[in-house]
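Only one chain is given next, in structure tokens, and it is the form predicted alone.
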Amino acid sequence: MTAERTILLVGGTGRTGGRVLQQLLGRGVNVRAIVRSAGRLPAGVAENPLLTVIEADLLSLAADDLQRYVRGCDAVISCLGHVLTVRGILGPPRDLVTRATMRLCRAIEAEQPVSPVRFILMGSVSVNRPDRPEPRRGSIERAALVLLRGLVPPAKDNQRAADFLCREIGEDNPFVQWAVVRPDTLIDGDVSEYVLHDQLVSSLAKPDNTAMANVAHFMCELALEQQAWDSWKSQLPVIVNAG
């Protein structure tokens, strides 16, 4: 794919988001990255002519500014997440992912693009589809997830973001199409073979592994490749390492 494509990336300074950024640039794609601190970008990318860095707090951006940033974008990728510290998990904003998802989607709708923009959200296997049962989830696991979302704000936040896409954006929105990527336990490693499932395949007690590089690769495929998008739009695909 060439630089004729433009993608807005949020969360590009995170461990997975940084890999998404590097892979997009490596594919020759124009990237607009909204980051709170440009100094936290992956090494060696700041001078890339394909990258436009917007140093700002996404949740504090004026609606007009956010609409301007999504203008002309073919896709929006969100790798936002809560920092894995006590303050990051329990402190504000507890609804970071949900509010960011809502603001970005509403900005796209306000722009009324001629062709729908792909919105790709990174979630986790703790997220369930609200409008369909997950056959792999038994009553004990469902109860454990209810408890988890009550005690750990990021778990509730990720679920609410997926709920918004499923219920509020839906499958027939003329301006926004979406997919929620659900990795299992994230690990380091290079891009390798991975497997995609349309529903959960592992229990919370016996999780699978998912390389962050593989999550990044799949999110780039969704943003850039029509076949991948046709296969997974309006779904919550689970991605795990092969084998």
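No experiment lies behind these values; they were computed from the predicted model shown. Heads up: residue numbers just count along the shown sequence, starting at 1.
The form predicted in complex with a small molecule exists for this protein as well; it is not shown, and the discussion that follows is about that form.
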Original post:
Is there any non-hydrogen atom of residue 36 lying within 4.5 Å of the small molecule in the model of the complex?
Top reply: yes
Original post:
Does the 4.5 Å heavy atom contact test between residue 162 and the small molecule in the model of the complex come out positive?
Top reply: no
**OP:** State yes or no: in the model of the complex, is some non-hydrogen atom of residue 93 no more than 4.5 angstroms from a non-hydrogen atom of the small molecule?
**Re:** yes
Original post:
Could you tell me if residue 158 has a non-hydrogen atom within 4.5 Å of the small molecule in the model of the complex?
Top reply: yes
Subject >> Candidate stretches 182 to 190, 24 to 32, 47 to 55, 62 to 70 - the one whose heavy atoms come within 4.5 Å of the small molecule in the model of the complex >> reply: 182 to 190
